[in-house]
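Shown below, as structure tokens, is a lone chain in the form predicted alone; questions about how it binds or moves come after it.
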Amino acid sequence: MAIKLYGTTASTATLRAKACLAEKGLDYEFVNVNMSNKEHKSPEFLSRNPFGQVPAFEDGDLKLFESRAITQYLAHAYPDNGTNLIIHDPKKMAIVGVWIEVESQKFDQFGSKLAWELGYKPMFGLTTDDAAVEENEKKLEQVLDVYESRLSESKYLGGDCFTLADLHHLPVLKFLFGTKAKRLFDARPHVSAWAADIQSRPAWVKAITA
């Protein structure tokens, strides 16, 4: 099997790559990385990702790391497989590119911190920092207000079809929707409908259960 994904399903970044592979309908080998045993810091793994973080990815002789770089590669390298996650019209794709950046630079910045405080810390028996939760909820609300406006104009962030701009949100949404932060999405009808739509996609369900 040419494609290999190294990671752990507890990682939002790994799930982002798994979501893309599922949308593209590609066969691949998933290699679990035991982070509690520091496998991600081993010389073998560092040869795949020198930063010692998951995921790492191989497609034949190509080695990649950084989940969004992996999804971009898959979308461009396998355009005829599964869901088309990019748009070939350059102006329309430029809009998709804007929202890919928004997810990475704005949504993820605050969403991941909330996922850590509200989702991961309780799993690890750590104490949630209530001040950090309050601060990042306020910042995420400001981002979601922009999303609400955008999604009142189009079904998806990049336009009328599901693209990488939407897919990249899925892992953090998964963790936030199991916490009290879900109310921030529920309070915004267009955001709420969008989040429900993308989380119900069969490929996403497959990615988090397979």
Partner chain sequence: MALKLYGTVASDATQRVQACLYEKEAHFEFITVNTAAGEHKTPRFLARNPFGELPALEDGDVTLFESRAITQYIANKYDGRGTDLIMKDPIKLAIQTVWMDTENQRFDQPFSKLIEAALEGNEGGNKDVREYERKLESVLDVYEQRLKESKYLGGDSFTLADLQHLPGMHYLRSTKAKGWFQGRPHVRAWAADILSRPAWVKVAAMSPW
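This structure is a prediction, so every number in the text was calculated from the model and none was measured. Positions refer to the first chain, counted from 1.
Absent from the display: the form predicted in complex with the partner chain. The rest refers to it.
- Contact annotation: K91 falls within 4.5 Å of the partner chain in the predicted complex, judged by heavy atom distances.
- Contact check for N84: every heavy atom lies farther than 4.5 Å from the partner chain in the predicted complex.
- Residue contact with the partner chain in the predicted complex: E58 places no heavy atom within 4.5 Å of it.
- Contact between W116 and the partner chain in the predicted complex is not found at the 4.5 Å heavy atom cutoff.
- A heavy atom within 4.5 Å of the partner chain in the predicted complex is found for one listed residue only; from V143, L151, L26, L184, this is V143.
- Of the residues in 58-97, those that come within 4.5 Å of the partner chain in the predicted complex through at least one heavy atom are, in sequence order, L62, L64, F65, E66, R68, A69, Q72, Y73, P90, K91, A94, I95, G97.
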